[in-house]
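One chain comes next, on its own, written out as structure tokens in the form predicted alone.
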């Protein structure tokens, strides 16, 4: 039987492997690290004595591929969220709070109500968002929208950095419009937020590994692919250092690795290379904090304006904060970051500041590629010039931002192409 070798056990590689074993393919999954999940993982932190995620990942009901993947691995019950879309925010400078609640259906009548709009914003500022729909290929979000309008700071900028992990001054306007069109433009039912109830591993990684193993796949950790040998139009040998793997004529190879790794293995590959970091802080409190107005028990999520962090999530006695597009912040020391982010958390949750709360700072320096107009033109398709080699990863040309949704779509695309390989 022909074998399919998947290099990389992040979400893209796992989605590809799950789909392939379901269709009876012989799969060999290779991962350079000692664990699966890539940038979507959970681990026990000794300092906090709690299970934490490397970062906060939010799904929306518009993420059909990601939710389909969760269903496929039998983990849908591990997600939690409200029955209706609601996004609470707080301005840390003024203490003002509000909640964005889109209405059902594609016509956004909620914008006609001053009481339902974000405070201090005008209807015209929302309608100006339609400029994104006609943006040119080189336009950034900042090129299309008014940065002096209150809606910029209270909606467009947070949405851009959350969805694209790129500052709006350089982020692709066309890619942000794709997000708006798939979510807010389709009404409340497409915008319902979901988070992992017990951590990322329980929702996206462990059930996938179980499914791949149940399908008979070989899974190897601490296997770093060092080189690929080619002959003609085919990959012929995988060099894992002490182990060499020859590829037969019918075998296929899926590279589901980050773009810098893929570029090192395929020197002529055109791919996005400039990366953007995300910084997260996990703070353990003596007890579970009381939730302020607007935070629901089924989704204790809060958007933050005017501070260092942009999002806050409460899980039991652990408060987690996220800073996307964190190029400057990622260079600060852990101690400085801990102080800044703890002050944000204390203000948001009305907490008394202790002298030294247990805080874990997690820096994902290569969280996503910089989703600029130039970088989007460098996203490669799944197929390569080698007949038996395919690419997968959220950075490939899926048409979506570099998110779990894009990773799953890329894995499915590679799996489908393996079934129709030349």
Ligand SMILES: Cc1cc2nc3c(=O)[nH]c(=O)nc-3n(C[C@H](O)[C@H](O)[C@H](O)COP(=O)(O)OP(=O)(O)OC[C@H]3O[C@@H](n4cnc5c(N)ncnc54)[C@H](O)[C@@H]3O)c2cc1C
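Just so it is clear, the model here is predicted, and its values are computed rather than measured. Positions refer to the first chain, counted from 1.
There is also a form predicted together with this ligand; it is not shown, and the following applies to it.
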Find out whether any non-hydrogen atom of residue 39 is located within 4.5 angstroms of this ligand in the predicted bound form, and reply yes or no. yes
Does the 4.5 Å heavy atom contact test between residue 398 and this ligand in the predicted bound form come out positive? no
Contact label in the predicted bound form: residue 379 to this ligand, heavy atom within 4.5 Å: no
Residue 166 versus this ligand, in the predicted bound form: is there a non-hydrogen atom within 4.5 Å? no
Sequence order please: the residues of 252-277 with a heavy atom within 4.5 Å of this ligand in the predicted bound form. 256, 257, 258, 261
